[in-house]
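Only one chain is given next, in structure tokens, and it is the form predicted alone.
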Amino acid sequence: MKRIISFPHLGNYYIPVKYLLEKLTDFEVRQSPPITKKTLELGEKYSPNDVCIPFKYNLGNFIESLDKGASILVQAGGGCRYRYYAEVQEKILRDLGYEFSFIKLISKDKMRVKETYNIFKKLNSKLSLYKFINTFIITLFFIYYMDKIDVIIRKRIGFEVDKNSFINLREKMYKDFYNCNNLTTLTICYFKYRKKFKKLKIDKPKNCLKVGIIGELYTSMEPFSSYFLESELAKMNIELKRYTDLSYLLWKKKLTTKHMLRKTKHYCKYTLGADGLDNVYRTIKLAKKYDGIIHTKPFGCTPEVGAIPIIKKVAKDKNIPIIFFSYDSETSNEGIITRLEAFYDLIKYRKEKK
């Protein structure tokens, strides 16, 4: 029987994850099918009622993967309630009658090299420690370069002259990144595409509208879960800034927590759990140069619920408009668009008045 590894979606990060798994194992690697409304319906059907919506998306991903023949499931773990996803999801799936192996990469909010190597060694007995570390380093740079390019795209895509020029070039870049077998070729490839993205034709006014996106990590990074918020904002000719990406979560966050506590000392005495403190800090920072802020979260996300009153206070003190989106399975696309259009009118009016 052919063994197939699968894992849940999180934006375009399925590409480097697939790269990693293919290099470290001899099994067939299939990412979950693209997220659709059916994915959420499946996850919601078998999830506890009060669980946050990223859990439901992940569970729906797993069910669709198992139905398509997956026999090994991979979950990351760590963070807020995300640290408990793996155990609960595994129990639900086994109760549904599925047979599979389940791999959790992160335990106690940390990925330890030796433990992770031993996990992959069980999947590939020929795997050397050198190949494991080297492949992980390449994958981390793969993610880092993806995130660096996305920063450029968010600043410029709302003003592209040729429709879909940024998206089409990004797809081509992903394919070339995927074919890189060492860090040198990957880095050369990154710099080549960075130049190409900066050369794409744009028609960007000097004093364009600028909006920062903050909030919970999953709804920030998975476009389907936020109803393609960034794409809608780009259609409105807005320059975007988003802090949360996988590079930030993997290593930048740990390096900046003490700095954020210092900068938010008038509002926060402690970290607020998950990205709560981070979003208070981002609100202070964005208020200096941006025209508005959008905060996204799943319904009932405890750390963000705790942070929202503080974020509102900061936004009021700094005189910057902010809008909050809380997503659940009942959220409608029409409602999102209507609120976005009203927010756009507000920040445009304020900018023109200034």
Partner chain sequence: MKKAYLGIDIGSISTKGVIIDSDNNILLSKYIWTEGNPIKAVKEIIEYFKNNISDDIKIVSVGTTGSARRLIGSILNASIIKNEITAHAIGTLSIYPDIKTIIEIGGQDSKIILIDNGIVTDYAMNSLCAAGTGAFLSSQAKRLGIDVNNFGSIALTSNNPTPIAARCTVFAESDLVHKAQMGYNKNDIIAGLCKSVALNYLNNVAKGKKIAEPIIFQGGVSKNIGVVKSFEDILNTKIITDKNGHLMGALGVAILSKDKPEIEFDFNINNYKYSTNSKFCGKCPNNCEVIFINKDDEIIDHWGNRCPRGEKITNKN
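Numbering follows the first chain given and starts at 1. No experiment lies behind these values; they were computed from the predicted model shown.
Beyond what is shown, the protein has a form predicted together with the partner chain; the following relates to that form.
Heavy atom within 4.5 Å of the partner chain in the predicted complex: which of F159, F100, F228, F141? Selected option: F228.
If we define contact as a non-hydrogen atom of the residue within 4.5 angstroms of the partner, is F224 a contact of the partner chain in the predicted complex? F224: contacts the partner chain in the predicted complex.
4.5 Å heavy atom contact, I15 and the partner chain in the predicted complex: I15: no contact with the partner chain in the predicted complex.
Find out whether any non-hydrogen atom of K37 is located within 4.5 angstroms of the partner chain in the predicted complex, and reply yes or no. Yes.
Close approach of F343 to the partner chain in the predicted complex, 4.5 Å, heavy atom: Heavy-atom contact with the partner chain at 4.5 Å: present for F343.
So which residues in 298-325, when you check the partner chain in the predicted complex, have a heavy atom no farther than 4.5 Å from it? K316, I323 sit within 4.5 Å of the partner.
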